[in-house]
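Below you'll find only one chain, the form predicted alone, shown as structure tokens.
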Amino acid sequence: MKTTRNTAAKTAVLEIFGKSKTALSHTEIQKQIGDLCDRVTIYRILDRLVNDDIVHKIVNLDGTVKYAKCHHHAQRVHIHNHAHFSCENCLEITCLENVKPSYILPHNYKVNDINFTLSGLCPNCLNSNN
């Protein structure tokens, strides 16, 4: 059984996720973390947090990978069966926890991951355009 190390860099990344209401890219995290660690360390921390179900990975419509904190509250089976919203104006990605995607698969298919992303204008950008 492998134990998880709590480093200053990992603690800083977790604090960044704790304060963010939207998904963050590696670059956005790196800007906030400053010189505390290098980019490779941030990638390793993100990989570990994904593997430990603390954050989940979202691939945006343009292929950009972002990460968001999980809100599973100690569920035994941990899946990310919710939609994401990608704002075309501010480029923020938000988890829509109460929007559950549905789909019907042909026989003999097995789903391992869902990446369901809606795009348009978020409430902030929609309100600023009025």
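This one's a predicted model, so the numbers in the text were calculated from it and none came from an experiment. Sequential numbering from 1, following the sequence displayed.
Only in words, not in the display: the form predicted in complex with a further copy of the same chain, which the text now covers.
Contacting member of Arg48, Lys57, His26, Lys69, with respect to a further copy of the same chain in the model of the complex [4.5 Å, heavy atom]: After the contact test, the surviving option is Lys57.
Would you please decide whether Thr11 lies within 4.5 angstroms of a further copy of the same chain in the model of the complex, comparing each non-hydrogen atom pair? So Thr11 does not count as contacting a further copy of the same chain.
Verify the contact flag for Lys31: yes if a non-hydrogen atom of it lies within 4.5 Å of a non-hydrogen atom of a further copy of the same chain in the model of the complex, no if not. The answer is no: Lys31 has no heavy atom within 4.5 Å of a further copy of the same chain.
Does Leu36 reach a further copy of the same chain in the model of the complex, with heavy atoms at most 4.5 Å apart? No, Leu36 stays farther than 4.5 Å from a further copy of the same chain in the model of the complex.
Can Leu96 be called a contact residue for a further copy of the same chain in the model of the complex at 4.5 Å between heavy atoms? Within the cut-off, so yes.
Though the partner is not shown here, which residues of 98-120 have a heavy atom within 4.5 Å of a further copy of the same chain in the model of the complex? Val99, Lys100, Pro101, Ser102, Tyr103, Ile104, Leu105, Pro106, His107, Asn108, Tyr109, Lys110, Val111, Asn112, Asp113, Ile114, Asn115, Phe116, Thr117, Leu118, Ser119, Gly120, in sequence order.
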